[in-house]
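In structure tokens, one chain follows: the form predicted alone.
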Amino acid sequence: MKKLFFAFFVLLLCQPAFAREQIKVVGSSTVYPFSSFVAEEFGSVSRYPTPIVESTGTGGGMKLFCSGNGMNTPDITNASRRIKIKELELCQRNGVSNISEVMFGYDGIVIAQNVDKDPIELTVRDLLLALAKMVPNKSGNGLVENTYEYWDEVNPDLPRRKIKVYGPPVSSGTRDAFEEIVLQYQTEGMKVYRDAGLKGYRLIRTDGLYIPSGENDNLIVQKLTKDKDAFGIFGYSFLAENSDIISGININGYKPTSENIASKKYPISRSLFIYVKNDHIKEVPAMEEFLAMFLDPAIIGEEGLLTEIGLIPMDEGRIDAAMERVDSKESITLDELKLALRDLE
């Protein structure tokens, strides 16, 4: 009996060690609709179960993804911004060192309102003055706590309308990107911020006029149906999916359209990413097929299915590069990330 048990135990050890069949995905609420769509398609046509996709926000997803390399941790995390240096360092400290960074498309950060409201045009400077915690004083020679309450106080050409903006929380990649593009990029070039030692300032006001509204962007859309004087901030796909009840606001004279976002004429544009744990691929065999489907031009290309729900597609060359990075299991390094972030400055 003991010999039989030992033989059976040896046989088990020799079998492929498939820890699980179901893929676990976390991360960005902006990427969630795209990732969920692919997950449902994958579950319907493959031999594997439909992947679990959770909307945790980009920051929350990175924390879960970087918490360790075990099978109880996510295989993929969605991100509406690039991984931060401190996040990659956290991953590496926890043994998560073999990570592929995969850009799969573009998105615009939309400022939207109830479709019943009269059209309004804003500039990135209007948004800075309305939402930054510290703003230039009336004479422009110093910074003060933001006390603007109405849009016409920010810009006399704007209507007498209360500043009230529903937006993403601090864990959100959408908020990170908004702070970077709308606040940081502008204040880097403004003498009053440099003189105050706040070059690249990116803090949003916390006095109640900007209202963090969770990681579910659909909730912000719903708030705009009831609170008609308010604005909302979220990814372009949510505008594309709800154009019957909300309308996008022109920024710097450009509409938030797929063409303007892809060309970067619309000023609040960004890239979308997924991050993949290559060490999990051997033990979660569904990952290879799932990633191949995700990056198929029929899914993310010019005529791809995800464009129907708001993805702004990359060109064929970038798609090919993304597929090559996944196929070769190319890992992002700290030096590569630092260089890429420096090039954006």
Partner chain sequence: MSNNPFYDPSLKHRHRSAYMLKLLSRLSILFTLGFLLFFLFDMVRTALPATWQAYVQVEVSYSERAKKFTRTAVPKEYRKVVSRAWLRNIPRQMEEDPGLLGTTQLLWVLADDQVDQYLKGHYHNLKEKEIAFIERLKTENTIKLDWNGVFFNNGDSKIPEYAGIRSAIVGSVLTMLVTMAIAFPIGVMTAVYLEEFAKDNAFTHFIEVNINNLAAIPSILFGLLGLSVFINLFGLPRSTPLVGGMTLALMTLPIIIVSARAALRSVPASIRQAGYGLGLTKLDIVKDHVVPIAMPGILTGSIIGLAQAIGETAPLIIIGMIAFIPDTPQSIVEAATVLPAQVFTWAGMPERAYVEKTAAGIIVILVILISLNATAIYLRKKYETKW
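Positions refer to the first chain, counted from 1. The structure presented is a predicted model; accordingly, all values stated were derived computationally and were not measured.
The protein also exists as the form predicted together with its partner chain; that form is not presented, and the subsequent description refers to it.
Considering its partner chain in the model of the complex, the lone stretch of 143 to 151, 111 to 119, 173 to 181, 213 to 221 in range is 213 to 221 [heavy atom distance within 4.5 Å].
Pro33 is the sole member of Pro285, Gly59, Gly301, Pro33 with a non-hydrogen atom within 4.5 Å of its partner chain in the model of the complex. Only one of the listed residues (Ser100, Gln186, Asn242, Ser258) places a non-hydrogen atom within 4.5 angstroms of its partner chain in the model of the complex, and that residue is Asn242. When contacts are judged by a 4.5 Å heavy atom cut-off, Asp279 does not count as touching its partner chain in the model of the complex. Of the heavy atoms in Ser237, some are within 4.5 Å of its partner chain in the model of the complex. With a 4.5 Å cutoff on heavy atoms, Ala292 does not count as touching its partner chain in the model of the complex; it lies far away. In the model of the complex, its partner chain lies within 4.5 Å of some heavy atom of Asn72. Contact annotation for the candidate site: Gly317, Asp327 and Ser331 all lie away from its partner chain in the model of the complex (no heavy atom within 4.5 Å). Contacts of stretch 296 to 335 with its partner chain in the model of the complex, defined by any heavy atom lying within 4.5 Å, are made by Leu305, Ile309, listed in sequence order.
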